[in-house]
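In the block that follows, a single chain appears as structure tokens, in the form predicted on its own.
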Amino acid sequence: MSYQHTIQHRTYRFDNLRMLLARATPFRSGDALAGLAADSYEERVAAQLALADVPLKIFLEETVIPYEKDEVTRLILDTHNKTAFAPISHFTVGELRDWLLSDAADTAALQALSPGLTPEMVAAVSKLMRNQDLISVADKCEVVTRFRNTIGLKGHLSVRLQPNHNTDDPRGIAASIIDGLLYGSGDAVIGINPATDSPQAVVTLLQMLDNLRLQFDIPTQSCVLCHVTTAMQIMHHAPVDLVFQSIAGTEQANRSFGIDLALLKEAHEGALSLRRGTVGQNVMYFETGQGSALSANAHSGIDQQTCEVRAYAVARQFAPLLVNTVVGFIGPEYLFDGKQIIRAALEDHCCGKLLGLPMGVDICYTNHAEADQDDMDNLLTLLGVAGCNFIMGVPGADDIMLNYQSTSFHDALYVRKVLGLHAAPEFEQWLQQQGIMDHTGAILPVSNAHRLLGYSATANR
């Protein structure tokens, strides 16, 4: 099916839905690199106007990757909830945008609708939204998940404590963890990106994290972000809380990561069998990022934002505790500057929330991007207003192992304070019991006699 729109006697034609979605996307360097971006601002507007008139039912009939060639497409269509979709089945994309911004689209209505939305519908409507629209809609969504604490409640913002070390030195990692805990970070997860994916190194780190958690009775979860196959190999003789994996929106891109849906299903079932959660059993942790499929030459001619939202269908299938878009990590080839990173993060967060995912954002950039920490401050504040489930807490905002810039423990304190946000309730209670935080959320001075400062990573290996 082809689509068209005329502006001042010039008719712009789009051969198929895949092309229409690509041309309608706000400009970013990755789509230009792939030859998918609109040639002019006028063409982009024409595509957006044409897209606004597309009935939502078309997305169930015309696929961006053929059903028989891609298991992500099959997952999207085979799991589509027609009952949930029925109330809006007569809408166009433009009408869906208008409804999402109306008072009728409250939290309960959005939660009920979520199973009836496909990634392509959600990607399409986001392309018609201004930044404030993305923030407004996301703020109305609430996606709550549980393992040892409760994440995603309105008025709360959690933090992944990210204590990476370039040699996996337990002492360096422990120092970062203690620092983060004393600043109120760590309720989303204490999650380490290991310098090596060897099973023994991962086990050593998991044991250290679990010993720390048990010693201080911390109501949180841990994760070493190894490949899913490594986690499966060790999960029955190591304290595996969450199973991590990077995912993408096409079968080919996921294969480049060494995974498919069957493997993720096996890992999910294995993690559930451990029954390590205390208040819930959301056991998966997924990371995504615009440009990942393109960087693997596995985007199938789809714009990078639509590819990204298709990855959320994969995540949704496994009821994760956490999903975060590592928005600026892949580099300026895909998101060139602060403006593109901010726009992409707001899109990802809103689209993920509409699909029912517990979305967090790694507010970040690489050192060769045209971005700086002021851009990250802006994005952090916008996401706080939008109701983001969690962000990253990195010592000094500078990850010495992955060599990129993110957000710090202090940044998390800032956004919680100015927006009146709280940590996960179980974790916040623990912080108060430990004398780290008072009942107003203010961080208290720490004496040299504080229990956490007596922790020894080497003694607990």
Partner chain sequence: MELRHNNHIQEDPWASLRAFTTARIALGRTGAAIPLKEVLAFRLAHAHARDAVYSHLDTNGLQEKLQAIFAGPVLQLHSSVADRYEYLQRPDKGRRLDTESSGRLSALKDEYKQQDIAIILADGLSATALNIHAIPLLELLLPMLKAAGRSVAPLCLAEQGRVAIGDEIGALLQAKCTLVLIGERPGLSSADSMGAYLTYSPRPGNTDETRNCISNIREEGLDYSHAAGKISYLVSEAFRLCLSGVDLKDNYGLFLEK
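Note that this is a predicted model, so its numbers are computed, not measured. Numbering follows the first chain given and starts at 1.
One more form of this protein, predicted together with its partner chain, exists but is not displayed; see below.
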> Is its partner chain in the model of the complex near all of 172, 178 and 371, within 4.5 Å of a heavy atom of each?
Replying inline: yes
> 55-63, 29-37, 426-434, 42-50: which one contacts its partner chain in the model of the complex at 4.5 Å, heavy atom to heavy atom?
Replying inline: 29-37
> With the cut-off set at 4.5 Å between non-hydrogen atoms, does residue 367 touch its partner chain in the model of the complex?
Replying inline: yes
> At the 4.5 Å heavy atom threshold, is residue 396 in contact with its partner chain in the model of the complex?
Replying inline: yes
>> in the model of the complex, does residue 19 come within 4.5 Å of its partner chain, counting heavy atoms only?
In response: no
>> Check residue 336 for me: does it contact its partner chain in the model of the complex (non-hydrogen atoms, 4.5 angstroms)?
In response: yes
>> I need to confirm a contact call. Of 239, 116, 280, 332, which residue comes within 4.5 Å of its partner chain in the model of the complex, counting heavy atoms only?
In response: 332
> 296, 129, 261, 182: which sits within 4.5 Å of its partner chain in the model of the complex by any heavy atom?
Replying inline: 182
> Taking its partner chain in the model of the complex, which residues of 204-219 have any heavy atom within 4.5 Å of it?
Replying inline: none
